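Same protein, same chain, two forms; see structure 1 and structure 2 below, as structure tokens.
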Structure 1
């Protein structure tokens, strides 16, 4: 390591963690309110913690088995010996990010409710800064993990062929991305099933059948519902975005190592560059966090403006700082790369705005869904599915344009030679930077996202503690804002997942190269008779060697399997939610029937039983789809070889990306169509139109909070698994 600028990265990491701790302490100093409020918060906190412990137990087992497997692979020379450790740390830190975020959220909800009793601004401040704890913990831990590993590997990995050392370092570091992805998938799937089973169950019986409001303490599923917000929306999202953030940086670093393979003097700079952009983003996100405040009696628009001010200013500053830091980094094409980062930032904003347009009830699409409820639930579902499918057009076109621009910027618009050897890897490096750019302000955007469930829980606490109409109205305003930021946030994570997955595709080829070298294949004999030094072979050479073209039936079969994986994975998680929700409904109905006095408040519902149903449903059902995501790429590799795996990844990516957007937007639109009616349109609460909209909302729950967001991770986890298992694919494959 010659470059002292590297130390900006651990410095940014520590700064983020320091501020996270500061915001956490600040929040803890606030009062938690009345005894009832404290008690409810304690219930939720304990429920969430006990769920998380149980989940970590199961996931730990999976991690131990996989780490042992990697150790065996390393022993047989199919991987290097750092891999099991990197894998474990990735999983550990991803889990830790979710854990800290959730701990903060469960402490913050009652405090937010209490503060909202004084003023809206105080409520916003506490909820938002608690959300910022999670944002900062995620980016802090991620950059810390990255810098430590980079530093350790740089010290220990021996020097080899010029340029090759950094390729080994960066691809090894991708393994901790796999750890993070695995943890994230379990967190998203398990947490997603938990929260939506509780939510659907609570709504179907409570709202629809018994006609009691949301979060009413008489509803036995209400504690489970609030616990679910924490384990699914907070812990799950934290682990998820830790993974996205690491994945984009590591994949881009790996691409840098290969794009500058033949220029060892620049290679280290290229590897550092994405970390530096991320590091700079941390500081500028912090500025944004301090800018978020609102005045009393702010309406929805002003609240939104308060958040947007923070996001916009820190995005602008990050864009400007990117040019500076990349200039300092000394990359020859720093201008182009900087523009690639800006492309990513902009694409994220466009995708987020599209999500808002399609899912907010201020616009026609969602209003039309509400109108279709006049003819009953069936037309609500049909129009919601239709809207969700159509809403994929703009995000896909945006990603297409972003890919094109990022690629062309990175190769300095050398259009005539865009697919020439050097340009291909440089262009892909640019696409990686678009992903890094999209996530560079994650410290802040995640704060706006994580703040939602905190506000939601604050509302729950206020309702259950009987804090009165005025407080509830304020927490509702905060919650509604959270719904919009959630839709935007999902856009970011889906968009960045698509770009990161493209970058990972290139890393896969790098890992195949390393696998070949490790097995002694130091030369490649191409079909046309040419022989190439494996060390120096470019992407095109590997494409030719493995015949990864669209006419190769192995590629096509892989693609079919990849598309299928996206659908089957969603089907399994949808069904898991459906089954668990059904049990929840039966249990809540049973309690209303058998426990006397629930409705008049003289009897206490059995909250624990509902928590148990969600826990069991989640634990049982999360294992199979998650393991499928790990096993299918390995099997595809063994049977159909490198070209089959490439097909699998690309098929999964293109179908999964579109499917994820469809599900997120349809779900969000149904949710807000219901809110639109609840605001008094088309007959208002309790009308038949409202009931039809509740059906839509219920179907949308697993769409937007279980299956849809898990797809992002699925796409990347399949890539990560393929990368880590590349040695196996090279060594054995049937065809």
Structure 2
């Protein structure tokens, strides 16, 4: 390890983990409230841990099988022998990040409710800093994992021709991203099915049919609903963003190793630069976390402003720090690369603000959905679908502008020669840095996302514990804010997925190069009759060699398959929620019908039975769609080769990104339209307008919490699988 500045990365990782522990201990010192509040929190905690235990058993079996497959491939020389180990560690740390976040959330909800009895600001502080535990654990574990693997591979990988050692190290490190992505998809899909099956059952029978409030203790599904918020929106989200964060850093490092292949003196600096930007982002995220506070009786806009203050100040400080880091690194065109990072930061803020505008009930789009409920649930669904579709325009254009600017900044706006070999490599490196920039303050932005389910559970605890109307009003305000921050966080995550997936697409070509060299293909014969040494070939040479163009039927077939995957995946997960929700509805109706005294409070519902239904439904349904995301890229590569896989990744990225934005925003808007009515508008709780909005919210639940957020993992997992299986694709394909 020649560059001592590398050690800033593990230092930042340890700092993040220490502050996560500090915030956790600070939260645990707060009172959990009355005995009833403690008992309810315990039910939720036990249910969440029981579910995760079952999920990890199934996922562990999948990981063992895949690791054995990778070991066999490594034995036959189809991939690096480090891959099975990197794959397992990626999955382990991804699951660990989700576990720690969920454990914190299950302890924080009752404490948030109790704090809200004293003041709105105190409730916000506990919920937000508890969410920050997950944000800091995710970035801490990710940077620690990256640091350790970089050190290990630097020590063990043999020296080779100048420049090629770092290419091997960075592409090998990318493979632990597949482990993280696989774990994240299982966590998101399984947790999403669990939480929405419970939520739909609780809402349809409890609110619409029985006319009782949300989180009423008489509703048998209410504990399962609160458990679901933790296993889906916390554990699943933590695993999801862990792999996004790792993927953006590792893909950019791999692109840096490639871009500076012929300049070994600069190559290590280019590889370390994204890690250093992410490391400094940890310290600046901590500043933002301490800035989040509000005053009593704050409205929705003021609460949102409190969170945005922390995010915006951290983003500005990170942008300034990036210029210093890249200047000190001595990279050529450090100013342009710094502006690529700023482009990513700004794109993340724009996407987040767009999600806030379309999903917050402080603004007209969501209020119009609520107003459409006057004529029934059908018009609520129509207006929500329309809003979701329209809401894709700004994020898509933002990503398009971000990609263009990041590319041009990295090549110093040399538009006339933008596709020449050197400019292409540097431009892609700039796009990777835009993804790093968007996620550089993840410790803070993920805190705003994890805050949502904690606030939701706090409201549930307050309702079930019979706390006063004033407390419930405060927890409702925190909950409504959580719905918006969740939509903002999902938009942020999906936007970063688009940039990361594009960087991974370029990294796939690097892995193809290594696969060819490993199999003994030392030269490439290009379509124009020329030949070139494989280890010196650039992106455009591989595009030429594999005939990756829109006129190649294999590319078009791959694009159609990739586009189809986004919709089939959503259909499978939506239907899984529907099937589990049907069983939940039937069970809740049965208990209302057969257990005497539930409605007058003299009888106790069977909460455990509803938890069991959600658990079984999620465990059975998560396997097929998750495994499909692994199998399809492999089969596409085996049948249609490299050109087919390139088409698959492009099709999956373009359709998956737009579909994910649509589903996240439509679902968030439906949810907050219901909240808007519950605040007393248009007839308030229990009115026909409210019931119509509940139906819309029920449709939106799997949109925003199951299918939509899983799509960004699908996009990246297909890229990661393609990278890991590149050796097999190069070695053999039907066409």
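Numbering follows the first chain given and starts at 1. All of these numbers come straight from a predicted model, not from anything done at the bench. C-alpha atoms forming the largest set that superposes within 1.5 Å between two forms make up the rigid core.
task = Name the structure that is the form predicted on its own; the other one isn't.
result = The form predicted on its own is shown as structure 2.
query = Under a superposition restricted to the rigid core, does residue 682 display a Cα displacement of 2 angstroms or more between structure 1 and structure 2?
reply = For residue 682, whose C-alpha is compared between structure 1 and structure 2 after core superposition, the shift is 2 Å or more.
message = So that I can tell if residue 602 moves, could you say whether its C-alpha shifts by at least 2 Å between structure 1 and structure 2 after the core superposition?
response = It does not reach a 2 Å shift.
inquiry  = Aligning on the core only, does the CA of residue 554 end up 2 angstroms or more away between structure 1 and structure 2?
reply    = Residue 554 C-alpha, core-superposed: shift of less than 2 Å.
request  = Align on the rigid core first, then pass along the CA displacement of residue 364 between structure 1 and structure 2 in angstrom.
outcome  = So the C-alpha of this residue moves 2.6 Å.
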